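First comes one chain, alone, set out as structure tokens in the form predicted alone.
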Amino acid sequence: MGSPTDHSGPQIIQLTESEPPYYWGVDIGGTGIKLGLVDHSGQTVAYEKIATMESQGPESGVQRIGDLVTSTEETLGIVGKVPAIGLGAPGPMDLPKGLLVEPPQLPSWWGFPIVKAFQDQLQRPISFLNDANAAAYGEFWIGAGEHCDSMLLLTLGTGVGGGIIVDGELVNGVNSFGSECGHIIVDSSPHARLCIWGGGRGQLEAYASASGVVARTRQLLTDGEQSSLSGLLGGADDELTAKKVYVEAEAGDALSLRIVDETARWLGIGVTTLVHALDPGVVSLGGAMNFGGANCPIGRRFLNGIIEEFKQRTFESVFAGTEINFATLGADAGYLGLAGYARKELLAASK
């Protein structure tokens, strides 16, 4: 169910076509780690994806990443030409202290001083970001927001992540919790849905994430709603997925189309709240939970539903001055944003 920009890997250019210096973007996830070596203009000159092997612990992960960074630089002949590294991971985290706090996807990494570990291993400055903020900076630097000064990114996946950039600066927050847009309240009723990732009742993530889509669909089927998805209700927990909802919506199933439209409505409410607080001018939707994306009729229906809900809830001038569309960098946004942010911080330090 990925967007049309999703692909198996980034476009790699030859080193002779690149613009030094270079920056690493290291995007750590629960199952995989993406490492991209990016030049000064945002072009990728090397890329690797390795398994996280989460249960082996963070020290093993840092060692394998460090070894790969070192060997790649030696192979390319650019030792000493990569002055900074961008490092991203899921939260919660403590950015000033360089700590992973309690990321649900990385239980054996809780409390780990990840920035110090990488500095000790690689002996250069490390820029540390929440993974969704990193994706937002990637889109801001060379993606959907490269033409603007401010933007909002919502990443729609298993959960809902967010990234906010105002006048070129990421909103990281005092508690390293800035831009956690998936946890804004969209439903204040006493029986609102609960966020499965430890958040509170009525939060956007409970309605607009892949897990939220599945939970809402399952509830309707349990209540007796008829659908081509009904046969999946008694199966294994992983048989009913957001992608199955998309497939059946594409085939014309009424309940699946209803879920798509309701998800768009909840996102429209969330977008309105965020735009009224930030007025970013650009709202970009990333992540794989996009019901097919811009090149699919269901994806366009989904996007248009968000835009229409926003239109009904905002001011005419705000609606006219706000662009809402799908993100453009796909799965590469994270490592690109991390490399770009390392570049930004290094340039700022040198002034």
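Quick note: we count residues from 1 along the sequence shown, nothing fancier. Fair warning: this is a prediction, and the values are worked out from it, not measured in the lab.
FYI, the form predicted together with another copy of the chain isn't displayed, but the following is about it.
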Another copy of the chain in the predicted complex has a heavy atom of only one listed residue within 4.5 Å, and of 254, 76, 166, 220 that residue is 166
Single option in 262, 225, 187, 94 placed near another copy of the chain in the predicted complex, where near means a heavy atom within 4.5 Å: 187
May I ask you to state whether residue 90 is within 4.5 Å of another copy of the chain in the predicted complex, using heavy atom distances? no
Using a 4.5 angstroms cut-off on non-hydrogen atoms, would residue 57 count as touching another copy of the chain in the predicted complex? no
Might residue 318 be said to contact another copy of the chain in the predicted complex, defining contact as any heavy atom within 4.5 Å? yes
Please determine whether residue 103 contacts another copy of the chain in the predicted complex, using a 4.5 Å cut-off between heavy atoms. no
Output flag, 210, 216 and 325 jointly within 4.5 Å of another copy of the chain in the predicted complex, heavy atom basis: no
When another copy of the chain is placed as it is in the predicted complex, which of 239 to 247, 108 to 116, 262 to 270, 153 to 161 ends up with heavy atoms within 4.5 Å of it? 262 to 270
Members of 292 to 310 lying within 4.5 angstroms of another copy of the chain, judged by heavy atom, in the predicted complex: none
